[in-house]
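This document contains two forms of one protein chain, each encoded as structure tokens and listed individually as structure 1 and structure 2.
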Structure 1
């Protein structure tokens, strides 16, 4: 069985947490102040981007201080009644073993004003009377629903920032030592830069690309694209739709290294709005249709050498169709409707939700985090390493349909299922 490295190498002490040393010192000093008396600030609000260690530091300091940690996702307890049942009782009464305790309400972003039916007022009331430190965690502290938590006299507000590339690099290097995985510094530094401050993503990348190898080389990681961002897609789209040369249109795709199928859908969706001369729009659509024919041939034959023609027609072919088309004024790019339709289908969401719940149970993260941060890396593994995928499928208790979904089709799933059976 292959353990997830983000769990296996999760910091067990505050000293092992990556980055944010000043924020950690302030937070630890506040927690230790409870040993002498209840402070004026009875709750701490930790905020910052996802994946940078906000939850981890609470768990690590609870371990360092020998405190009992009562940890709940606020998004799972969104009503006043449930909040009082979980946090209200814990804030007043000592545990069975007489330990000090820390009450953690994670993922406060998931509590919504019109849906939570009194959850935030209930949390505020519990904090006023708590006998134990309460910690709230959210990504976007400046959301208007958190206005009641901005009183610095009552709340210790601590911002956590993205760790530096060097901090993440050192963390990845330590993991490689523990896993007996020799790795080129260039490869680890590339993964650290690619993570964009998200430690969790950096560790997931390292495991997906390094586990099972005799040595991790720069060539093993250099082909990776930076995670798809809308601004990257927009830059590529702008270059493809408005380039005046074939070379410029094609080059932007190589530099940005975006997913080709995703880019195809973006071009298809936006072409009619950026070509206002029918004959030129028809020529651009003809080029895109030719690219699609080659895509179909690749799916049938698995001849990936044909990909060069897909890229040529969907970039240079589209760009060269423009002669005089010039939309009046600024035209916004539109999200591909076909992708939106597929992504919101009921069956798709249900299956993804069930997989997220199984990941949640094993890795002790929310369903949202499971689907956003863990599932993409499972897909990489399931598509490239059937043996490792079989171990993970068993560990997560995935059924056949779920294995097919994560593997991206029956063909790859059959190899995984064969390994599971053996």
Structure 2
């Protein structure tokens, strides 16, 4: 039987929750303060976008603190009466075992004026007198129906933010380890990026694509972004590459409603495989380069009217380059490499620029010169002479990650690191 990974790998303790360290710390401190006395802020209002762990953190902390969790969410009726029955009672009377207790009112966005009439005033009333911490959760704290919760003296308001791509990446990686699913880093990073801070959707995607595989590769996930678009892109590509008239080449773009920049990348990647006569390849590439030039002009001038020329050249321009070129046999379409490299090399570029800055501080050169004229030599030293490299690593103040980068791998770096230790 297959469990949903999002449930199976739900954090059991606050330490395991992804991101939002500061918010969690504040929240935990407040919950713990109840052990001594009832604080003036009797309720906490956690808010932030979906899927980032607001509910999860309440559950995890209830575990950590050994508290009983009484939970109500949008699926329950929330009339004044019901609220009083459940939350009102729970907020006053001890449980059977004298345990601590947390009352969670989740998905507050779903409280509606007419159906849940009187719910908000009832909650406000209960909070005034509660003997146990009450936690409210909503996405949109600034909605005017929550106006009575904005008093910071009475309510602890904590904003939860989207965890970083890197945090989500690490979380996905952890799950892969637990599931014994080897996965390429760039595949996981792609999923993390695509989730846009929504941990839940990231984990769901991971399960959908990874479960049952021997290994999760980048190519397994890269289609995700274009899941429903693949066929559309393919037919547009075919049309652009093989149309006999300008009209036919151009019209597909309008009909198919695809993203122009995305289509451009697909054409750029695949075009060379479909022209086998050098002069026609050159003409087709030139048409594409002209389209690209107009994109550059648009970027620089913000004159979006020029977009029509981008489309002209990348579609009709490419199609009209063909005279006799014919690929031999069937040529499969390829996923644009540039999209892949852009998403994977961002982290790398950042690391490189950090290293460049450290070189700059020591050697009176710009970051650019450091990377171009110093780093290549440094790489050779780090690959060949661990003891000299160790000295230099100290002199430049490189951290472990940077040493691994310059040395070109963990194995070489280990020799340097052990030399540092000596």
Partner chain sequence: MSSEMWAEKYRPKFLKQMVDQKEIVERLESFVKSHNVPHCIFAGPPGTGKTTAALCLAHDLYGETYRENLMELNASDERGINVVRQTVKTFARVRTLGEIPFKILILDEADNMTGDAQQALRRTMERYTETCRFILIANYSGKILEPIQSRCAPFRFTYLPREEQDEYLKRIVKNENIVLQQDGLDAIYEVCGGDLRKAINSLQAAASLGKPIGSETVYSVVGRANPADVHAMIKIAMDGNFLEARKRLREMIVKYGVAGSDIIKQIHIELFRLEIPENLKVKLAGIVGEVDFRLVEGASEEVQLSALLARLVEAGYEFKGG
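Residue numbers count along the first chain shown, from 1. As the structure is a computational prediction, the values presented were derived from the model and not from experiment. So that the term is clear: the rigid core is the largest set of C-alpha atoms that superpose within 1.5 Å between two forms.
Colleague: Form predicted on its own, is that 1 or 2?
Modeller: It is the first structure (the form predicted on its own) rather than the second.
Colleague: Is residue 196 one of the residues whose Cα moves 2 Å or more between structures 1 and 2, with the core superposed?
Modeller: No, the C-alpha position differs by under 2 Å between structures 1 and 2.
Colleague: Any chance the CA of residue 160 moves 2 angstroms or more between structures 1 and 2, core superposed?
Modeller: No, its C-alpha moves less than 2 Å.
Colleague: With both forms fit on the core, is the shift of the CA atom of residue 124 between structures 1 and 2 2 Å or larger?
Modeller: No, because once the rigid core is superposed, the C-alpha of residue 124 moves less than 2 Å between structures 1 and 2.
Colleague: Align on the rigid core first, then pass along the CA displacement of residue 246 between structures 1 and 2 in angstrom.
Modeller: The alpha-carbon displacement, core-superposed, is 7.2 Å.
Colleague: How much does the C-alpha of residue 309 move between structures 1 and 2, in Å, when the core is lined up?
Modeller: Spelling it out: core superposed, C-alpha of residue 309 shifted, distance 21.9 Å.
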